[in-house]
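In the form predicted on its own, a lone chain appears below as C-alpha cells.
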C-alpha cells in the first residue's frame, strides 16, 4: 500500500510503521504480565509472605544491581556466563541481580555481624539471567525464598526443607517431591583423587546426567581407582527412601563422606518429626546446584513438569567471603514455574481478566465517592466510571468485564445486578452490604 504514495511520503510512512513495531516489541526474555496472571502472582506472593512471616522470617530487600565482582562471588561457571553486566557513567562494572542469596550474604557479612543469631530472612524479588527462554523461565523471573543464618545444626536444614514443602502446599500444589542430596558426600568421594576443578566438573556433570555408561568411561579415562570408580558409578542410582542412607553409609570411603551421610540421616529424622518424609526422596546423584553449596541440597519437582520448581541448600562458606564466618541454609522457588505447575495441575487457562465487583457511575458525587471508599474498605473491588457513559453502556461494559454490581448514584441509588435493577433511597454507610441480599 505504501508504494502508491510519493517517495518521500512513502519513506516516512514506512519509517513510522517500523518505529511503531519497534516500540511495541519487547526484548527476548522479558514479558508483560496482565490481569488475572498478575493477580495470581500477587495472591501467591501474599500467601508465601504470610507463611514466611508465620515461621519467624523478616523481609529483606536487596538492590536490583550491584558491583559485578560482588555478584560473581560464589557463582559457578554457568551463572557467570548468564549475568547481565554493564558499565555505569562512572565506568564501574555492575551486574543485575542474578542470585539473591549472594546479596543477602553480603548484607549479613558486612552489616549484621552484631545481630543475635539465628537470623531469618525472606525475599520476593525479580532476578535476571541471560539464558535461553523456556517454559516457566524468562530472562527476568521472580523468586521467593528464605535464608536461615547462624546455625549449622541439622534442625536448621530440616526447617528450610520443611518450609519449602509448606510453600508448595500453600501455593496449592500437590504431587510434588523434593530430591534431597548432600554435596559433601560427592566432595568426600572426590577429594583424594587429585582431579583438577575442571575434571571434577566433568564427573559432576556426568553424574547429573545419570548416564552410567558415559560416567564409567569418563572415570576410566581419568585413571580413577577401582574402589572410587565403583562408588562414583553407583551415585546416580542412590535414589529412594530411608534405605538409601544406609546403603550410602556402606559406600563412604573417608571421614568427609561418612560425615555427610550422618548429617543427611539426622536431617531426615527431623523431617520425619515434621511429618513430611512422604515428600522427600533421598537422591545422592543430586549434585547440581549453586557452587557455594557445602552440605545438604535439594530440588523440587512437580508431576508433569520436566524441570524443578525450587531448589535450596546449605552454604556455610559464602558469608565468610564478605566478613565474619556464619553458617547458613536457604531455598528459593520460581514463581513462574509454580504458576505453570498450577496450570498443569488444575488444567485452567492461565489468564482471564479479574473483574471488579462494583462499577460506580460518574454521577456519583461526594456521596457516591464516599460509598466507593466505604466499599473498598470492606474489601470490595470498586471502579468509578471515567468515560461519561450512560447507564446502558455501563451495563454492557459490566457484562463484558464480569462486574457484578453497577451502581448509578444520583439522588436515588440504583443498583443493577444480573440485568435486574434494585432501586432504593440513598443508603447509609452501615447499609452498604444489605443490597446483596
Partner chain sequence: MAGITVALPKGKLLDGSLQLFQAMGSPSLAAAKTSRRLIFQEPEGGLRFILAKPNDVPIYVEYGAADMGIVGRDVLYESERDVYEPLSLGFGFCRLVVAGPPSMAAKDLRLCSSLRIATKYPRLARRHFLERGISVEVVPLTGSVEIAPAVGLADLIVDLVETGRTLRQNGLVEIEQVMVSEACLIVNRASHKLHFATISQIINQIASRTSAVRGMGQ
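Predicted model only: the values in this text are computed from it and were never measured. Numbering follows the first chain given and starts at 1.
What follows is about the form predicted in complex with its partner chain, which we do not show.
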query	finding
Partner-contacting position among 198, 303, 81, 115 - heavy atom within 4.5 Å of its partner chain in the predicted bound form	303
In the predicted bound form, the one of 106, 97, 288, 120 near its partner chain [non-hydrogen atom within 4.5 angstroms]	288
4.5 angstroms heavy atom contact with its partner chain in the predicted bound form for residue 184	no
4.5 Å heavy atom contact, residue 141 to its partner chain in the predicted bound form	no
Its partner chain contact in the predicted bound form: residue 336, any heavy atom under 4.5 Å	no
Contact of residue 233 with its partner chain in the predicted bound form (heavy atom, 4.5 Å)	no
Which of 207 to 215, 81 to 89, 314 to 322, 161 to 169 lines the interface with its partner chain in the predicted bound form (heavy atom within 4.5 Å)	207 to 215
In the predicted bound form, residues of 154 to 185 near its partner chain [heavy atom within 4.5 Å]	177, 179
